[in-house]
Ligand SMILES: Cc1cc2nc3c(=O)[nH]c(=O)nc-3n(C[C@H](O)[C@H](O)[C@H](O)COP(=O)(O)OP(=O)(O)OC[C@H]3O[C@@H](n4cnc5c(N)ncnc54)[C@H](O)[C@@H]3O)c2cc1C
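In the block that follows, a single chain appears as structure tokens, in the form predicted alone.
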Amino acid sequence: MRFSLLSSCLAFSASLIAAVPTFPNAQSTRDVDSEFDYVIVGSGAGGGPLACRLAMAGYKTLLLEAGGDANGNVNISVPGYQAVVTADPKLRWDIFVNHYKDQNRAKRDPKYVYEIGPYEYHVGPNPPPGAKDLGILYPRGSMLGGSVTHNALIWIIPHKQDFDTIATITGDDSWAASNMNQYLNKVYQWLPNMPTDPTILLRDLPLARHLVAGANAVGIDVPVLTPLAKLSQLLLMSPNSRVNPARDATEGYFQVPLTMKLGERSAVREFILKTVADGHPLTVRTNTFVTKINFNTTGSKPRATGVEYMEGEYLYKASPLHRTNFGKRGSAKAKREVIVSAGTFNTPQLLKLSGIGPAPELLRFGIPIIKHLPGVGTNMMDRYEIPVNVVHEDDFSVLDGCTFDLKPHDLCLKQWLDNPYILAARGAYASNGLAAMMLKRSSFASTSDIDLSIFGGPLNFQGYFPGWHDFSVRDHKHFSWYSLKAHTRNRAGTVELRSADPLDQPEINFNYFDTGTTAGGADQLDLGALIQAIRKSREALADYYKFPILGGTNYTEEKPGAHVQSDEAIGQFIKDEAWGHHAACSCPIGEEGNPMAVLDSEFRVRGVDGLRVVDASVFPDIPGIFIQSAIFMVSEKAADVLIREAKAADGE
């Protein structure tokens, strides 16, 4: 398969539709003071809420975002466009990663990507002569709100163990889950969430038939003659119960909560907009790529004093619209602190470029050492995801008129734009396509908590590669169950510099399965859980045939394929084709005396003053099921820590 930037741009030529709240134009460098109380790098799940809270507390805060503000771009607002927005060349970075360092093994994945020209790709086997190995696509958002503005909107709160583990490691009881609940309350002050309107399913009984079958597969007694009544009841069940003390271990069938309001995406970007509109001292500079953290090294300990940056669109070479390595250079000073919230890949890259990281790696690129911290860019973790995809004889009618391309014939977009959120009036695009999930505890789980989320929808998603957004909805005949392995054990991922050029992508190796963490059989335990998940998905598909009253046609399994039956064969399919999209833990918090701990329990970078990290990289272990909720809570906690310290320093 061949994909080019031209085809991608054509698909988004009509993407500017005035249906999105606009962001006040960021002031230019010459119009804005260059000194702030806090300078925050990155406006995503970690940096965005933190910047808002600091500004709301009265501190002069500068928020720097490498991407644009996405003014007027409807892609960021339509839940049904969660694949489309990920592919928008104006809003994305195409990061390429290695699941395995052995490229021959990596190429067993049909999603493996080669570059055949500047931002032109070949996907899968038989590349043309001269094609350059790239690896597996790992989409990242480059816009106000970061990857939160292009994610799948799924909102599942963390498990208690996610925070209790940090408390145990560090001895800091403020991380205990019982204390962290207050930060979830703070998140809910600005973050709406709601499930897909279940009445959408009434438009497509064969789709409902699949969802009914999923409930039946997890042991729920679904009446054969009246299955919709039971499904309607189940879709009222939230996986985020805060009154069930056994919630983390509760298996069952649940709705899929989404970060949206009345069928429209709403999250970090909207919080930032409101904070600015309300007049708080928050300055936001978009299209501002931070290249280095500056330090004062005259004292006993280096102190971060600010950052250097380049202004311009699409400067990072991961942008498919990258055309120049030169932007207008500038700098900003932080009177109090610099906070790096650039994400699991870019935070360790920026720290290393600034002289903080493993000394041998820094010396290899001629980077002066500020602080030798060998843990920077190590310990990286991710989840494993794997599908079972089937194709039906007929289309799912709920997608009639849905072209996912912003063109005038996209009748589903017109319905979404023209109608209120009442009784499915906004249609299929008021959902991300995933209405229900099975939550299961595999027999390989390390605790009593559930470790498998299996969710289904009418699309043919097989993982990420250039053009995946179009491939997954090319027809309306597919249905898939997707399994996500929570609490994975592999912590062998690394983020390393390719060069001293801040515009180059780092080298990212996840070291999947037997090439990563194997102690105690960790790789086999994760693999065993995923094998069980595929078998449970197939059980749900088989149960589809128990409910003919709902209509629908027969299906044929495409992935893994009917011939893949033994545990060995299923395991090989998983090792070849699994992917992840929740990378975390590359600058972990840890206990005093641990040389691989990058941060202390209050987000400080060890060995320097005035510098903290607040994003997905801070976790010592990957949290929960879907990661954005845990990062939001961490952001709120970091705001509390910084505000408390600032008040103490000011004698308040």
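For every residue, the number given is its place in the sequence shown, counted from 1. All of these numbers come straight from a predicted model, not from anything done at the bench.
Beyond the structure shown, there is the form predicted together with the ligand, which is absent from this document and is the topic of what follows.
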Report task. Name the stretch: of 284-292, 435-443, 532-540, 330-338, exactly one has residues whose heavy atoms fall within 4.5 Å of the ligand in the predicted bound form. Result -> 284-292
Query raised in the report: Should the three residues Trp93, Val148 and Asp615 be counted as contacting the ligand in the predicted bound form, with contact defined as a heavy atom within 4.5 Å for each?
Result: yes
Report summary line: The one residue among Leu406, Val276, Ala152, Val187 placing a heavy atom within 4.5 Å of the ligand in the predicted bound form is Ala152
Query raised in the report: Ok, Gly80, Gly141, Pro320, Pro302: which has a heavy atom sitting within 4.5 Å of the ligand in the predicted bound form?
Result: Gly141
Query raised in the report: Might Gly343 be said to contact the ligand in the predicted bound form, defining contact as any heavy atom within 4.5 Å?
Result: yes
Query raised in the report: Even though the ligand is not shown here, does Ala638 get within 4.5 Å of it in the predicted bound form, heavy atoms only?
Result: no
Query - Interface membership of Ser586, the ligand in the predicted bound form, 4.5 Å heavy atom rule - result: no
Query raised in the report: Is there a heavy atom of His581 lying 4.5 Å or less from a heavy atom of the ligand in the predicted bound form?
Result: yes
